[in-house]
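Consider the single chain below, provided in C-alpha cells and representing the form predicted alone.
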Amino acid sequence: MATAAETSPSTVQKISLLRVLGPAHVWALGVGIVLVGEFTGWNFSADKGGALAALIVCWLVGLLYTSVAMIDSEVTSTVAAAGGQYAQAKHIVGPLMAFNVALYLVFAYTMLEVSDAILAGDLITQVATENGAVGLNHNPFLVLSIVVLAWLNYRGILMTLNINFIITALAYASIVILFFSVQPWSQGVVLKLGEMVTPENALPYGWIGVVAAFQFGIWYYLGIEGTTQAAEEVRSPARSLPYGTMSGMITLLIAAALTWYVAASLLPWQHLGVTFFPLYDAAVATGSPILKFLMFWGTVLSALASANGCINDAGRAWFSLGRDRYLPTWFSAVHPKYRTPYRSILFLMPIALAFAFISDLNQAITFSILSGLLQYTFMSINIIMFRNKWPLGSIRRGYTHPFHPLPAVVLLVLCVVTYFAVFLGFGAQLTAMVIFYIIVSLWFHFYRYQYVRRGDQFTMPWPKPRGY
C-alpha cells in the first residue's frame, strides 16, 4: 500500500545537496575507498595462482579499471547527478536497469565498508594481544568505526572528504616510505625477490591459476568508480570528475606496483596468499620497529578512509532511489543544516553493523566484488548505448574518452573472465547473488514501479536520442 508521501501531489525539493567539492575531494573519495586494497585483499590472488599471477592480474585488472575510469569520466561529467552509475542508467537504459545498478552500488559499498571495519578491528586486536592485552575481540572496534564514520558523513560531505584527503594521503605516504626504506634499487640487501619468486613457484597452478587470481586481483582498484557519487556536489563536474578520477587511477596503479614488489620480495607466496595484513607482515619481516609502527597505522587509516567513502557513496545511491520513488520518498530527505542525505546514511548504518557481525572478511570481500562486477558489466553496455543515442557533437560532454569502443570491449571481456574466476572459488555465492537480484527485480517490476513518476526522472536538457 502506498504511503501518504507517495500518493500526495509532487512537491518541490527545497533543500538540495551542496556543490562544495573540487578535484582534490574527488581524488580523496576515489583513492580513499580503494587504497585499503593495497594493504589487504589483493594478496589472496597469490593464493589462487602464485606471486607472479598476482602481478599479472595487477596489470590486467588495472586495464579493466582504466576502462572503467575513462567511461565513468565521460558519462558522469555529462550526467552530473547523485547516484553516479544509477543516474546514468535511468537516463540511458531504463528504470529496471537503474534500480538494479543502484542496488549493486549499495551492496558493493556496504560490504566493502564491512570489510574495512573487520580489517581494522582484527589488526588492532592482533597488535594489542601481541603487546599483552587479554580478552579483546574486534566487536567494539567494528561498532565504533562504523558509528563514528556514519556520524561524520551525517555532519557534511566537505568535512568528511577533507578528513578523507588527509588520512588517505598519510596511508599512501606509508607505502612510499616502506618502498624506499627497503632499498628497492639493491635486490638482495633487504628484498629477495629472486628467492621468493622462482621459475618453480612463480605460477604453481599454471595459467588456470592466473584466471582464478582475477577474483581477488580486482581488489587492487575496487571502488575507484565511487567518485561518480559526488557528481551532484562538485563545483565543476566537467572538470573535477575527470581530473579527480583519472589522477586517482594513476595514483592507484603506482601504489599497486610498489605494493606487489615489496610484499612479493619479503614474504613467501604461501604466506602472502593467506595473510590478512600483507604490508604489515612485510614491515615485520624487515625487523624494523619503525616500519612496523608505520604500516600498522597505514593499514588502519586506509581502512577508515575506505569505510568513510563507502558510507558516503552507499548513502547517496540509496538517497537517489528515494528521490525518484524507486524506494519510499522518506529516504530522499536532505538535512536542513548539514545538507546531507541523513536518513539514507542512518538507515544503512545498522545494516552494515549486522553484516559486520555475521560475515568473515573473505565473504564480505567476495560480496563486494560480485556487486561491483555486475555494475562494471552494465557500464560496458551503457557507454555503447550512450554513444549510439547521443553521438559526439549532439550534446556537450565534459570529457570524451578515446579509442571507443575498445575500452568497453576490454571491460566486458575482463568482466567475463573475472566472473569465471569467482565461479571457481565462490560458485554458490555467485549463484545466490544472481538469484537475489532477479527476485528483487521482479519485486520492482510488478510492485514498486507503479509509484515511479517516470517523466520526473529525466533531468538532463538533452535532445531526443538518435532514432527516437
Partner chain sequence: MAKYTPPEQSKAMQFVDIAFLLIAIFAALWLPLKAGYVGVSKVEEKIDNPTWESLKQTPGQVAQWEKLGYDPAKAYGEIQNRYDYTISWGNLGLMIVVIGGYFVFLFRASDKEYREVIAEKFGDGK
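Positions refer to the first chain, counted from 1. This is a predicted model, so every value here is computed, not measured.
In what follows, reference is made to the form predicted in complex with the partner chain, a form of this protein that is not presented.
So in the model of the complex, does any heavy atom of W318 sit within 4.5 Å of the partner chain?
Yes.
My question is simply whether G62 lines the interface with the partner chain in the model of the complex - judged by any non-hydrogen atom within 4.5 Å.
G62: no, not in contact with the partner chain in the model of the complex.
Going by a heavy atom distance of 4.5 Å, is I254 a contact of the partner chain in the model of the complex?
Although the partner chain is absent here, I254 would stay clear of it in the model of the complex, with no heavy atoms inside 4.5 Å.
Tell me, yes or no, whether G398 is in contact with the partner chain in the model of the complex, where a contact means a heavy atom of each within 4.5 Å.
Answer no; every heavy atom of G398 is more than 4.5 Å from the partner chain in the model of the complex.
Out of L96, A333, L152, I163, which one falls within 4.5 Å of the partner chain in the model of the complex, going by heavy atoms?
When the partner chain is considered in the model of the complex, the option within 4.5 Å is L96.
Can you work out which of F107, F141, Y342, F296 has a heavy atom no more than 4.5 Å from the partner chain in the model of the complex?
The residue from F107, F141, Y342, F296 that makes the contact is F107.
If contact means any heavy atom within 4.5 Å, which of 27-35, 401-409, 41-49, 65-73 contacts the partner chain in the model of the complex?
Partner-contacting stretch among the options: 41-49.
Between 204-235 and the partner chain in the model of the complex, list the residues on our side with a heavy atom within 4.5 Å.
Residues within 4.5 Å: P204, Y205, I208, G209, A212.
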